[in-house]
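This document starts with one chain, in the form predicted on its own, laid out as structure tokens.
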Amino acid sequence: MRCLVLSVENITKVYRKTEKEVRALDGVSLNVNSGEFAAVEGPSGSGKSTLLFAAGSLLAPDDGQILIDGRNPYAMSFDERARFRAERIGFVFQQFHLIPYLTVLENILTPSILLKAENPHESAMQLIERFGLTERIHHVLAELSTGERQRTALARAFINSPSLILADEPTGNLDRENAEIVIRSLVEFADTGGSVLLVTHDAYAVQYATKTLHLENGRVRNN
């Protein structure tokens, strides 16, 4: 039986610059259930990344409510929210957001530090093998190809066995082979009961989603 993992209820985010007001999100609502791969597509500037950051408890909305596994992360203290995020959410970004002076292994392990997880090294080694990174385990960011960087970021997203993966244009910088690895991994995650929210303008990525929504001018419209 599927359960509701991510609930975004009528959220609004407004940026104000001098006298100009930009409504990045304007009453956006969406749900993502367990076992569901949801994609939000739309042009640049439509609010996709703002939506993802808000859903990931990284950017508080001005109005509305976000629940993850039935809990509101924005009602938590900063430290509680950081731990909750590490437990429940894995992130995959177009620009990877890896730490440049850490090795592949160290980057993958970073989310587990906050949780003081048992045997994180064993889990990391399994992910390194899964994503074909064994020969790069002790390499730093500058020594990795673009595809290897994104595969490292994927492994990092999976290290704490989250219930939700949030992916922001994860195939945007990749060739087709590495894009297929990323999308196939997200599909497998959803097929085994996880939840995925992907924001993208990549039609290749969208075709694998079980639910697709279109974001335009800060508003979601069902296709």
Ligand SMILES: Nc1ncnc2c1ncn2[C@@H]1O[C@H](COP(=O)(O)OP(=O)(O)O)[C@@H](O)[C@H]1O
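Start at 1 and count along the sequence shown; that's the residue number. Predicted, not measured: the structure shown is a model, and the values here were computed from it.
Keep in mind that the form predicted in complex with the named molecule is missing from the display, and what follows is about it.
**Request:** Work out which of 31, 65, 173, 49 lies within 4.5 Å of the named molecule in the predicted bound form, going by heavy atoms.
**Result:** Selected residue: 49.
**Asked** If you check in the predicted bound form, is residue 43 within 4.5 Å of the named molecule, heavy atoms only?
**Response** Contact with the named molecule, yes.
**Prompt:** Looking at the partner-bound form in the predicted bound form, is residue 11 within 4.5 Å of the named molecule by any heavy atom?
**Reply:** Close contact is absent here: in the predicted bound form, residue 11 is far from the named molecule, nothing within 4.5 Å, heavy atoms only.
**Message:** Is it the case that residue 206, even though its partner is missing from this view, gets within 4.5 Å of the named molecule in the predicted bound form, heavy atoms only?
**Reply:** No, no contact at 4.5 Å.
**Prompt:** Is residue 24 close to the named molecule in the predicted bound form, meaning a heavy atom pair under 4.5 Å apart or at it?
**Reply:** Yes.
**Which of 49 to 57, 65 to 73, 188 to 196, 31 to 39 sits within 4.5 Å of the named molecule in the predicted bound form, heavy atom basis** = This holds for exactly one stretch, 49 to 57.
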